[in-house]
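Heads up, the chain below is alone and in the form predicted alone; it's given as structure tokens.
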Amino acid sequence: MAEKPIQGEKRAFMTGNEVVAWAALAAGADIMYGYPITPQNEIMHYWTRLAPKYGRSFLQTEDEISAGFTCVGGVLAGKRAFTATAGPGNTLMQESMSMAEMMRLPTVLVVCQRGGPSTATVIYSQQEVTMTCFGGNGEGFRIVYSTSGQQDLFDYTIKAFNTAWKYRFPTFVLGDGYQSKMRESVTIYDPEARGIKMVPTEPYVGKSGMPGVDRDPSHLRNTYNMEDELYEVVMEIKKEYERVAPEIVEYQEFDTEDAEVLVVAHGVVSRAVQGAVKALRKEGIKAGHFRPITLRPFPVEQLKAAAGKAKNVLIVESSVGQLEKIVKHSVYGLTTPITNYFKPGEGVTVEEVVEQVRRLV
């Protein structure tokens, strides 16, 4: 048995689901809790194939509600635990992720977006943005990385474990069915080979020593009987979330410095927009692209700066305004006109983005 799942760096040709399984192994994940749902299934399949070789574990639960809560339990026991799901499964896991939000538990959830509402299609969409960023009955104090391809899936799955355990907020890796199923080249690596130090895990319960004597007692709660008591807790979480947000926010800019039309897109749609910007620039059209990588927390100030310089902002997404809501909230007060191009549950091509931008110039 190899000492580590990945030695140094290697080039591979993988589906997104395979990439997630390898990344979780590389990140030192101890256990995956899961329940099958398309297009996420192969994360479970590959994990169950690979994990025993490296002393890792898997538990298939009776549904996604249990998968979410067993993941919470694994984290409480000090395990580097994760789960993965899609669509209706994401809906069912929001209760456990709300518990993680309240108790500041570092859960990691990989979401492979599929079409909605309800069962809809098992293929692709960007229709789980609102639920992933703001789902549950809390305030949305969570971290959401939106990936655009296999390299992102590998990099940000590893990063999600570190972010979750460093800041103690539930952390999501938001992919989609296209990324889950397609194959493309990716560099997989041992994090240590790149100088990435994994944040150690520790148990929340069952710690050694006598509470109040050898160590502080654990005080874990998700229920508060008094309004003012809950107010203080939620405001303290809000204060901490806002304090660490600038350290977590990530984004990319492509030719935004002199862009007259700024195209905002996230995830796999960002790749079509990048191709469109290159084509438009060859025509002499000053197009640029802003890609938020973290949808929660959102790169508000960075987007404002880029949008403020443009004559038009175009929002492109495979849903009906889920990204647009976040963008409009973020740039409130700017006078730059905002238009959109929505294709719920369908992919967006380079040619479509080019056509939409041409209409604005």
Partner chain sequence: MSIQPQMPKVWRTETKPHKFCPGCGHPLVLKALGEAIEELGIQDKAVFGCDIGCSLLAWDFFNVDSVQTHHGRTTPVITGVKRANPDVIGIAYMGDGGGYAIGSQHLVNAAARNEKITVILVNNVQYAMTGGQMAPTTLPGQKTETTPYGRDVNAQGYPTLGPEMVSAITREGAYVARGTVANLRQLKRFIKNALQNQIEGNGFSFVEALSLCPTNWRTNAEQTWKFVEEDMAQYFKVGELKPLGEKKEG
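Just so it is clear, the structure is predicted and the values come from calculations on it, not from any experiment. Numbering follows the first chain given and starts at 1.
Note that the form predicted together with its partner chain isn't included here; everything after this is about it.
Proximity of 33, 73 and 217 to its partner chain in the predicted complex is complete: all three residues have a non-hydrogen atom within 4.5 angstroms. In summary, the region of this chain contacting its partner chain in the predicted complex, judged by heavy atoms within 4.5 Å and restricted to 263-271, 77-85, 182-190, 156-164, corresponds to 77-85. Proximity of residue 243 to its partner chain in the predicted complex falls outside the 4.5 Å heavy atom cutoff. Mapping the unseen interface onto this chain, residue 117 falls outside it, with no heavy atom inside 4.5 Å of its partner chain in the predicted complex. Taking non-hydrogen atoms only, residue 205 approaches its partner chain to within 4.5 angstroms in the predicted complex. Proximity of residue 210 to its partner chain in the predicted complex: non-hydrogen atoms within 4.5 Å are present. Think of it this way: in the predicted complex, its partner chain has a heavy atom of just one of 65, 293, 300, 50 within 4.5 Å, and the residue is 65. Proximity to its partner chain in the predicted complex, defined as a heavy atom within 4.5 Å, holds among 127, 98, 132, 150 only for 98.
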